[in-house]
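In structure tokens, one chain follows: the form predicted on its own.
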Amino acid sequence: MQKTAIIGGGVIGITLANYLDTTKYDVTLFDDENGQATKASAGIISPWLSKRRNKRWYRLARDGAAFFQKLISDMDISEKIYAKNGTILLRTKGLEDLADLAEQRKKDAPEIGEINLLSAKQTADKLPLLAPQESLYISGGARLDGLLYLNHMKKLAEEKQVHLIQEKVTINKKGEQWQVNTKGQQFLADYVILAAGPNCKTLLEPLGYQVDLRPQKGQLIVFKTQQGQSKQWPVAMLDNEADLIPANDGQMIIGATHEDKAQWDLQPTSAAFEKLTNNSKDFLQTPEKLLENSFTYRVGTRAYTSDFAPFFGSLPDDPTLFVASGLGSSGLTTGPYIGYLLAEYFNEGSWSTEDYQKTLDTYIKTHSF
């Protein structure tokens, strides 16, 4: 049995750990959880109407959204964690064009479901917190609660005899094996998979690699509404940097910020509150009633590449070292599928990812000291 170390227990790492064949691999997952984007996230699984020009990214996000049907069945994921209640898109203009785009993309992505232009009243009926306004509704949109997903998948991993170690690590090569170093112990591994978000850069640079990754702070705010049926509501993608994401127990999440300068700072800020509430209040029916309620923050650090695309695979000069990072703000859509693809490579011995990403040396290069 080959010893395999996964470093990073976010959406990629924990999904990978659960899909690896533990009759072949002795799996240890290391994660210090500090700043983890998945733990703070509440994701919208609805990539089909993105205007991004990166066709590889779109194929990865499209197939990532489709993968949830298998993931839910394989891992017995409840509606409290993942709910397919649809997506409402609010735009001041261009709704008909978006509907046409949805119809085109539905040919290759039937998961989009029903596509309907809604009247102002129909929009408010779908999501009562919204002010009446015309919108586009697609029934296949969903939401995923990152923290609940992690907690559920960790329990499953423990049942599979995956070793979970909550410590920060460094790595170095020791002969033909890898040495994973915690504060007080060393672990040997035949394979190492780095799925540690922006920390992949920190882990790889001492080994002589230049890595195209940067950390970005993201903040969300969670309000308690006066209505208890929030988990039935669709998500709403607004016409600016804010989205409305219903959660369980009458909660509504507004997010998220994209803060390049803050990077690793995990302190919640009043500036984030002002920005998110200002960006969303014009879309709300009675914003003063929601915004006067008590609220909490969710704060994490995402990993971005220069071209805003993720990467994953083994390093060209070392087939025992794998890396997966750069998910950006679409991590809950693409991350589980990337974890599954990595597991399939280990379990089956082959894969083809050219349709999903540029070559790994686009993002990771060797340098001499």
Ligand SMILES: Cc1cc2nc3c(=O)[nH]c(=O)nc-3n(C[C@H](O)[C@H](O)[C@H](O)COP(=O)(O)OP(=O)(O)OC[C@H]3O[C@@H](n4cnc5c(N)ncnc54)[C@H](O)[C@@H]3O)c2cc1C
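Throughout, we count residues from 1 along the sequence that is shown. Since this is a predicted model, take the numbers as computed values, not measurements.
Below, we turn to the form predicted together with this ligand, even though it does not appear here.
Proximity to this ligand in the predicted bound form, defined as a heavy atom within 4.5 Å, holds among Met153, Leu136, Leu220, Val211 only for Leu220.
Residues placing heavy atoms within 4.5 Å of this ligand in the predicted bound form fall in a single listed stretch, namely 320 to 328, out of 340 to 348, 306 to 314, 48 to 56, 320 to 328. Taking the partner from the other structure, this ligand in the predicted bound form has a heavy atom within 4.5 Å of a heavy atom of Glu167.
The closest non-hydrogen atom of Phe67 lies beyond 4.5 Å of this ligand in the predicted bound form. Among residues of the shown chain, Leu203 is one whose heavy atoms approach this ligand to within 4.5 Å in the predicted bound form. Not displayed here, this ligand is kept clear of Leu16 by more than 4.5 Å at the level of heavy atoms in the predicted bound form. Contacts between 65 to 90 and this ligand, taken as any heavy atom within 4.5 Å in the predicted bound form, involve no residue at all.
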